[in-house]
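Just the one chain here, laid out as structure tokens, in the form predicted alone.
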């Protein structure tokens, strides 16, 4: 991959690791859910999205935000409740709004809203689409099915990106999801694409024509990434057995890329780590945010 993609991937990685350290130090209140292991998904999608597109994220959305805006200082300030945060510290880790980017910690909530945004784009004659990130556990929410039904009936330009990390908080997918995600898309007559690749170029080559159909023809799409969650659900609540954690680490893009391209990786890793460390120092010294200032 090129240096730009690798730097962004490693920035997200170091950002998430920094958050876990800050929580341990008692410098952040509330909670957070990192995307360790899943950073490549939004980075792969980044060049396929335009400024006209809506992006709906979820509780595990730091990587989604950073891939969209590449502004770790604003996100960190938001999470730390410091001045200059994305939403002045009101939204915290899970509830962000910037331009056409929204996130919510309520699973499934974003999909009906995303359908509405997609429909508005269609009626406006725009080539934009609404892209919503959800997890495998989100398929336990009824709102998902209402949204898929409406999207197909109305030919709304909606792309649902499922980051299937095979565990919903503490429940393995095979214990909470009957059937398959592809089967659920098929039930609504919605196109489906599944991938286990972590190769950014290959993912982009596969998805570019599919997303073009969403834009040009208003055909909803479900894309399922077979991925891994390397970190805990939240901060220290990983209930998986050691062998399961090792299996996740063995599939981690980070480990594989470091082994395959050590020189490029080392330079980019040092650069990204330094940038995140500098952001932590600078943001940590800011004044507390003023919540009376509107987002």
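Model, not experiment: these values are computed from the prediction. Positions refer to the first chain, counted from 1.
What comes next is about the form predicted together with a small molecule, which does not appear here.
The stretch among 73-81, 168-176, 148-156, 187-195 whose residues place heavy atoms within 4.5 Å of the small molecule in the predicted complex is 168-176. Shown without its partner, this chain lists 143, 106, 202, 210 as candidates; in the predicted complex, only 106 has a non-hydrogen atom within 4.5 angstroms of the small molecule. Under a 4.5 angstroms non-hydrogen atom cutoff, the small molecule in the predicted complex lacks residue 68 among its neighbouring residues. In the predicted complex, the small molecule lies within 4.5 Å of some heavy atom of residue 136. Among heavy atoms of residue 59, some come within 4.5 Å of the small molecule in the predicted complex. Proximity of residue 46 to the small molecule in the predicted complex falls outside the 4.5 Å heavy atom cutoff.
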